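Next up is one chain by itself, shown in structure tokens, the form predicted alone.
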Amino acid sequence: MNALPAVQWLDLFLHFAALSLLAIGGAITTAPDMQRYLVVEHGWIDNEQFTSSIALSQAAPGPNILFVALLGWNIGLSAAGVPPGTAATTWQAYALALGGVAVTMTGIMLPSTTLTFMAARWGHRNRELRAVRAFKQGMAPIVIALLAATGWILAANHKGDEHHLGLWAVSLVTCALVWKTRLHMLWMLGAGAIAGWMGWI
């Protein structure tokens, strides 16, 4: 895994700022590109850290965008040379981890918040225009496709070997339950945690 050089913090901020403007439907829809940028292109974190950051943020109370903070935390630890899966032990590691949180969260929040505020005010004033209505209707399938791509990135980390067939089965059953039922996600998260704790998956 490559440590993050100090000169590339700005690149990280600019990339997340660019993704912020493409986060239609929420920051989670940009997760596939984050995975490509952070894991595949630069190797600052590995696939397990990426998927764990998203899974932990989804299980925790609070906004979904918390996964960006966890990604920033892991990037900072990587920059400090802390091996994946281990905790920081020095103040430098904590400082870099907090710096990663600040860079990624500022990058993902600031542009989209500003644009949303301005666009919402303009759209409300012109909500009867045909172009505004068409834009809102056209965004729905795009958001669904982006969410599906995010789900695929997370599930693909299971690989295709026989050892991970149980994880693929859990992923498919969970998708079906979310799609066809009103079962609360906490029940599914609890069932997954128990299955993992028992060593079934």
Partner chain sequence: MPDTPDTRPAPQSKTELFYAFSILALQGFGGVLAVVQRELVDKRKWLTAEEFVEDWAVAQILPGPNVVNLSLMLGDRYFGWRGALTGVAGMLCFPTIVVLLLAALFAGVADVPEVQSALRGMGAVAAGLIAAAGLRLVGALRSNAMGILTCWALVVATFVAVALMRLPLAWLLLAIGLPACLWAYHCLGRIATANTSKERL
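None of these values were measured; they are calculated from a predicted model. Here the rigid core means the biggest group of C-alpha atoms that line up within 1.5 Å when the two forms are laid on top of each other. Residue numbers count along the first chain shown, from 1.
The discussion below concerns the form predicted in complex with its partner chain, not included here.
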Open item on the list: in the predicted bound form, does residue 101 come within 4.5 Å of its partner chain, counting heavy atoms only?
Closed with: yes
TODO: Answer yes if any heavy atom of residue 48 is within 4.5 Å of a heavy atom of its partner chain in the predicted bound form; otherwise answer no.
DONE: yes
Task: Any non-hydrogen atom of residue 60 within 4.5 angstroms of its partner chain in the predicted bound form - done: yes
Open item on the list: Is residue 91 part of the interface with its partner chain in the predicted bound form - any heavy atom within 4.5 Å?
Closed with: no
Task: Residues within 4.5 Å of its partner chain in the predicted bound form, restricted to 109-127 and counted by heavy atom - done: 109, 112, 113, 115, 116, 117, 119, 120, 121, 124, 127
Task: Core-superposed C-alpha of residue 51 shifting 2 Å or more between this form and the one not shown - done: no
Task: Exceeds or equals 2 Å, Cα of residue 193 between this form and the one not shown, core fit - done: no
Task: Cα displacement of residue 146 between this form and the one not shown reaching 2 Å, rigid core superposed - done: yes
